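The chain below stands alone, shown as structure tokens; this is the form predicted on its own.
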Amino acid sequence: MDHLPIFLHLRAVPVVVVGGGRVAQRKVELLLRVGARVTVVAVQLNEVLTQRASAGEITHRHAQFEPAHLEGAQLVIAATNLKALNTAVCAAARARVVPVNVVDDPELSTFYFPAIVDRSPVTVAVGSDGQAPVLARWVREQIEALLPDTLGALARFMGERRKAVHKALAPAVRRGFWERIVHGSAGSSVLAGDTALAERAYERELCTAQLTASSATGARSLGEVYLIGAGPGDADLLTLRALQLLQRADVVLYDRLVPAAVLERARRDAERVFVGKGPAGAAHTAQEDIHALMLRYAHQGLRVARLKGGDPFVFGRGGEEAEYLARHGIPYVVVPGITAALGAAAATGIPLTHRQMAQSVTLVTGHPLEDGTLDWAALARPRQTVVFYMGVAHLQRICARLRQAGASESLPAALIERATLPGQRLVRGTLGNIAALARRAALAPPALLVVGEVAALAQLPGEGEIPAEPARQRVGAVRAEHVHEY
């Protein structure tokens, strides 16, 4: 390393900033955030700095810079657009052995301002030795996307309990205890804003750690489960919370609707267990077996990601799993995902609501067609959008039941296969011909059926038009009468 990264305590410390423009303003605002006592030396201040000086937040010396202005300063910043002036500030600071930063001039600077991720009291600083500040900012953005906004709350939670833990636990077991707090239910609860649940989890962990250290009982910490929505398929549509917890999980239970690209976002050394419910005749994992797996892994003290396509609470049986976990006292977190209807609509340009066409949206499973649970008359009403999940196998019967309930044969309908994924296909037609068009195109699950006037608004390339962009940006068009593949 050419430079040593350090964190300076500047509360009430005198700092001099030379310059009164926009760049100086940014540095002043950063210094005020950490409590520095700021003096600005400039003939003229911009409007914001003038207001701060009037409010007594900074001291303004209305003068041309002189070396004497640095007396007593413990940090100096030159933020002018005059090379000669910046050089003079640098020389005066170096003569007094005071750290100096000349903005955008690494050669004159003895320290640099890093790109900062602020999750106070957790702070991440990224530097490039002053050579590539834009690159440093880009790296900061990547890190910032991975760190929860509530990370500072977790740091404060741990800091407030640090003395009690040091009193209760021997040094040899403290590190393991704190790791379980960070990665376990207590940490997850703090990040989710549930301090009461976090406190209970902390007390449980502390009790377990004391028992383990004082006896041979072999007491084991209780793990937790994350019910995570993987979204419609495109890995870029995972939520930040989903990514964070996938990187934390020890075990990932996933189903057949989770693409490999999404699964790859999990921690590299996490155990991956397929628990898919395949179509008739395919490998099938009973829901009761999935429940048992979650319970078993959690009792081993592991963090379990139950990763499922779409959203856990939209035809994902997440409600049943949450009930089961609560009944057995297993801590769990629910992470919503972009449900297939929203992903498919965005990928094909079909607005699910439209002021002139549809004032409501109904999401329906395509499975229970003959058991009397669906109100077909309500589903056939005009000025709404109905989205059928898992309805390809029963497509003809769905269309027939809607027509019998009063829906017009000419009502627009669309089928979206593999929404948001490479090879996504859209078939557009009407209730009267969509089943025949789907057979001709040999569409297969997973696919969604969208019924309503909005289905005619899909923004697609014209027939025969073959754009040159890749899959997600509507690539290609396969001619097959109302069939488009991209």
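Since we're looking at a predicted model, the values are computed, not measured. Residues carry their position along the shown sequence, with the first being 1.
Absent from the display: the form predicted together with a small molecule. The rest refers to it.
Trainee: Specify the contacting stretch among 382 to 390, 266 to 274, 199 to 207, 321 to 329, defined as having any heavy atom within 4.5 Å of the small molecule in the model of the complex.
Mentor: Residues of 382 to 390 come within 4.5 Å of the partner.
Trainee: Since exactly one of 416, 305, 413, 78 fits, which has a heavy atom within 4.5 Å of the small molecule in the model of the complex?
Mentor: So the residue touching the small molecule in the model of the complex, by this definition, is 416.
Trainee: Of the residues 421, 458, 53, 30, which one places a heavy atom within 4.5 Å of the small molecule in the model of the complex?
Mentor: Of the listed residues, the single hit is 421.
Trainee: Contact with the small molecule in the model of the complex for residue 340, defined as at least one heavy atom pair within 4.5 Å: yes or no?
Mentor: The answer is yes: residue 340 has a heavy atom within 4.5 Å of the small molecule.
Trainee: Can you tell me if residue 314 lies within 4.5 angstroms of the small molecule in the model of the complex, counting non-hydrogen atoms only?
Mentor: Answer yes; at least one heavy atom of residue 314 falls within 4.5 Å of the small molecule in the model of the complex.
Trainee: Looking at the partner-bound form in the model of the complex, is residue 309 within 4.5 Å of the small molecule by any heavy atom?
Mentor: Result yes; residue 309 sits at the interface with the small molecule in the model of the complex.
Trainee: How about residue 395: is it within 4.5 Å of the small molecule in the model of the complex, going by heavy atoms?
Mentor: Although the small molecule is absent here, residue 395 would stay clear of it in the model of the complex, with no heavy atoms inside 4.5 Å.
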